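So this first bit is one chain, no partners, the form predicted alone, shown in structure tokens.
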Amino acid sequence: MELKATTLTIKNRIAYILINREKALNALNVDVMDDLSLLFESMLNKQDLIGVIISGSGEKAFAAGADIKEFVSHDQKIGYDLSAKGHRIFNKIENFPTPVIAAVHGYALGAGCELAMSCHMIIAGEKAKFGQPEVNLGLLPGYAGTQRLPRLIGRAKAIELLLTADIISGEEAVQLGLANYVVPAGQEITKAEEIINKIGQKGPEAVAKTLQAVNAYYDKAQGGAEVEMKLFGEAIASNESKEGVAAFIEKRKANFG
């Protein structure tokens, strides 16, 4: 697998994706987006993964936005296609069957904030900064920022941030429900590993089904409650569930293999 702007390391069943464009503040250009698409497609076959952590190289940014230089002379059709591609790639992340955590230090702005929001959880360093400043460029978020931000922090506050282009700190991101934790600088990945390793002790099929059911709540094309019922029925009939229930009754630790 040839990656152009990211690196992948797998250790202790955790996949570490590093956006490797430090000089450009890890701006999401075509190469980064293509890498992310390829990575999340290929990792679907890695059945032993318990989680994925995405971070950015250097100390200044997780990802400071899209690579605006690529926007020059785009017409309406190209703009639509660019946005559609971003939606498809970030949906792959959101629908990935194991937890994906964004370890955010420094700037997560524009497309970088949208990437973080497509992950299942966000760990913010104490120097993290989040925002959707697209209106400053006469634009709006194109990679589902207008969709995911209201889900996470509520309609009114999301509209305020989207229209003012205000930048918020990691602490405020946690208070609003955008991020899960704020930690000392340099501890973002450590905290993400802690959460993933805790989840890794649970039933992997149950974890995957839970993520699918939660995502279905936000999918207008399907009824989230109905999907949850279907998946719960599948889960309760599985060998994994039988082992988990037996272990609970027998007061022992479950062995999910």
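This structure is a prediction, so every number in the text was calculated from the model and none was measured. When you see a residue number, it is the position in the sequence shown, counting from 1. Superpose the two forms; the largest set of C-alphas matching within 1.5 Å is the rigid core.
In what follows, reference is made to the form predicted in complex with 4-(N,N-dimethylamino)cinnamoyl-COA, a form of this protein that is not presented.
In the predicted complex, residue 83 approaches 4-(N,N-dimethylamino)cinnamoyl-COA with a heavy atom inside 4.5 Å. The closest heavy atom approach of residue 182 to 4-(N,N-dimethylamino)cinnamoyl-COA in the predicted complex falls outside 4.5 Å. Of the heavy atoms in residue 247, none are within 4.5 Å of 4-(N,N-dimethylamino)cinnamoyl-COA in the predicted complex. The closest non-hydrogen atom of residue 27 lies within 4.5 Å of 4-(N,N-dimethylamino)cinnamoyl-COA in the predicted complex. In summary, among the residues 117, 124, 111, 101, the only one with a non-hydrogen atom within 4.5 Å of 4-(N,N-dimethylamino)cinnamoyl-COA in the predicted complex is 111.
Interface residue among 199, 68, 189, 216, judged by heavy atoms within 4.5 Å of 4-(N,N-dimethylamino)cinnamoyl-COA in the predicted complex: 68. The partner is not drawn, yet in the predicted complex one stretch among 174-182, 91-99, 129-137, 156-164 has residues with heavy atoms inside 4.5 Å of 4-(N,N-dimethylamino)cinnamoyl-COA: 129-137. In the predicted complex, 4-(N,N-dimethylamino)cinnamoyl-COA lies within 4.5 angstroms of at least one heavy atom of each of the following residues of 140-170: 142, 143, in sequence order. Relative to the superposed rigid core, the position of the CA of residue 247 differs between the shown form and the other one by 2 Å or more. Residue 18: CA moves less than 2 Å between the shown form and the other one after rigid-core fitting. Legend note: Cα of residue 235 to Cα of residue 89 is at least 3 Å closer in the predicted complex than in the depicted form.
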